[in-house]
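Shown below, as structure tokens, is a lone chain in the form predicted on its own; questions about how it binds or moves come after it.
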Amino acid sequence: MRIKKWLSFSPDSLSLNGETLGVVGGGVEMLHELYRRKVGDYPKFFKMDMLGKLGFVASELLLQSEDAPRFVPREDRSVVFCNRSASLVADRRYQETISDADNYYPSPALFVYTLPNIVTGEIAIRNKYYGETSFVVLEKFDPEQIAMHVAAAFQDPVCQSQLVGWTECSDESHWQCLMLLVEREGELDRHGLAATLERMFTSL
């Protein structure tokens, strides 16, 4: 395996392929500003939950740096994301709409985002990726577990590359995102990938 591109992102810093990028604002407004500056052509972005916005913006920044054709059907690329809190931010907002029997207003717009794999689906649809899409909820950032899931996806001979992400979001002001493009062919085995993930995560 080989890490072709990578991005690390928190409310305090943004780094793409080892180069620090300037960011404006903080919290969810930072994501909105990056969307306006770097993307701007996917209005559905503003309907997404916080986890969706984080994964979408991070994937756009990373894929724009790939210097490869976009939005063409690909069966050879998979999307594999992980985190610890699943869709907790959207879950809490949805709970607020159903917890008071006298003010009961369940919102389908919120309910759809109470599944964490919506973000991988949004990215796959946007980019026409037809490989595996999965979202794995772990107890904590576990590079060995993540590397195991990446290696398992490469068991499919059609899969030649993967968009791999750790997208942890506890509220609209606190998140961690580590996202990589991993190719099948390269010098890393599963344990080497895990060690690299550990070093990258430590620097977040």
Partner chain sequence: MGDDAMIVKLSDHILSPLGDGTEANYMAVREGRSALKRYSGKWHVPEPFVASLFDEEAFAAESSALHLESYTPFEQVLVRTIRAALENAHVDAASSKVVFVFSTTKGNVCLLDEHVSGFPQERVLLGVSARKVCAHFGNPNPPVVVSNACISGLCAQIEAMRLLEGGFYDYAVVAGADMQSQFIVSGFQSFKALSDEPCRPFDAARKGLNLGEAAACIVYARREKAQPEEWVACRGAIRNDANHISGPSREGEGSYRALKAVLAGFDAGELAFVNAHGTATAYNDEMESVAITRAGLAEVPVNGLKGHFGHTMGAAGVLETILSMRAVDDRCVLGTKGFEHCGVSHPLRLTAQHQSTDKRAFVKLLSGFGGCNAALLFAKGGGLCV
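Residue numbers count along the first chain shown, from 1. Remember, predicted model here, so these are calculated numbers, not experimental data.
There is also a form predicted together with its partner chain; it is not shown, and the following applies to it.
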### Query
What stretch, of 149 to 157, 58 to 66, 171 to 179, 31 to 39, brings heavy atoms to within 4.5 Å of its partner chain in the model of the complex?
149 to 157
#### Entry: Heavy atom of Ser99 within 4.5 Å of its partner chain in the model of the complex
yes
### Message
Quick check on Arg190: any heavy atom within 4.5 Å of its partner chain in the model of the complex?
### Response
yes
### Query
Wondering, does Trp166 line up within 4.5 Å of its partner chain in the model of the complex on heavy atoms?
no
### Message
Contact with its partner chain in the model of the complex for Phe71, defined as at least one heavy atom pair within 4.5 Å: yes or no?
### Response
no
### Query
Has each of Trp6, Leu21 and Pro43 got a heavy atom lying within 4.5 angstroms of its partner chain in the model of the complex?
no
### Query
Who in 121 to 150 is close to its partner chain in the model of the complex, meaning a heavy atom within 4.5 Å?
Gly121, Glu122, Ala124, Ile125, Lys128, Tyr129, Tyr130, Gly131, Glu132, Thr133, Ser134, Phe135, Val136, Val137, Leu138, Glu139, Asp142, Gln145, Met148, His149
